[in-house]
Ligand code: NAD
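Only one chain is shown below, in structure tokens, and it's the form predicted on its own.
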């Protein structure tokens, strides 16, 4: 790039000044919102560190940045930019975690820190884009991973900045640019995060507007993204309604939908291990993660021991007469007779939920447990709350049958606690989930306390699985015929 020394100095000074200023929650709110009595902000054609007033402007800016990114930057330069993103993100996660809780009213601060560190440290960069080569008498064949171009990424309220960080690293590592449409209930913290990451990109020598968004996200923007010829790939992380909408967009789509992960505790399980790991996973960030344990199927011989050890971990067992009271508080009865989640209680602390029905548990309590039948709404509806239903089963076969029904074909996540390899194998084949964990919390399946890389976009419905940079690229083949370049 042909930039003068004076221009470089000006850019660096501007970026350093922006990064060195500590932004408080109050300062942030003055940047990203305005009161009803004030005039809306003027149409900003240039954008503010990747944030635009119109989605068309956000697309156009990302389109120009992507051409620059793929034309003028080598792979090692992508790596340098991504490492700076990691560095700057680490410096800001405490602020972002506080703001997420303030804005979304969901989850636990200490768990959000752990999630952020996981996506910052364990999301792969360009190193997973491995070129494959084959030679023979007929020539040399190369297959490489090339960018799609500009990606439209829809992010959830449950993991707002975690998904932006994770998607940004994976998508720009593949040579793409990204236009985000964030969840409206997390737009302030997402704006701050995206602007900070753009500063990190520019500080490391990358192009401006490599990631963009609109200040006011909306469903209308999603339609415009889907209709734009400059958008080459749609990526959605969230509920199945959103994923299905993207799948009908006519664009190539990667969809990460809902889950309702079941857990089996069979006759051979280590009950203390099962209780400690299930408590850890089901209470983590108040159970708002799609891959968190949502219901447990325990064989009768282990039921009392399992409940005892869950209570020992800190879980609060509600009695039979309290279960319906809790159900009416946190669920909503629909006109068709089925139940749906009362969103006012999603991601709330266990103690807060218990207090709403007149139960005062120790403040250390992170999880509510109850014994219910297999067809109970707590089992069949994905809650995203720290409420874990336990279903008594006569044996492993019954537990497996009921667990498959509860998972409802989402093929997202499941786990088992067992020492029987045959049981592990049978359940894996029956449940067909993208993530399958044995003898640990399910979050180990995405690299949080387990091996393997981390992602917040688990593409079960469209088959990409635990996404990384490779997921957001196209395989391209180059063939040199007539035995060219061979030395034998």
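Residue numbers count along the first chain shown, from 1. All values derive from a computational prediction rather than experimental measurement.
Omitted from view is the form predicted together with the ligand, to which the following refers.
Using a 4.5 Å heavy atom cutoff, 158, 237 and 457 all lie near the ligand in the predicted bound form. Taking a 4.5 Å heavy atom cutoff to the ligand in the predicted bound form, the contact residue among 400, 307, 89, 222 is 222.
Screening 259, 174, 107, 262 for any heavy atom within 4.5 Å of the ligand in the predicted bound form leaves a single hit, 259. A residue is said to contact a partner when one of its heavy atoms sits within 4.5 Å of a partner heavy atom; residue 181 meets this definition for the ligand in the predicted bound form. Although the partner is absent here, residue 384 is a contact residue: one of its heavy atoms lies within 4.5 angstroms of the ligand in the predicted bound form.
With a 4.5 Å cutoff on heavy atoms, residue 245 counts as touching the ligand in the predicted bound form. Residue 112 falls outside the set of residues with a heavy atom inside 4.5 Å of the ligand in the predicted bound form. Residues of just one listed stretch (158-166, 188-196, 131-139, 264-272) have heavy atoms within 4.5 Å of the ligand in the predicted bound form: 158-166.
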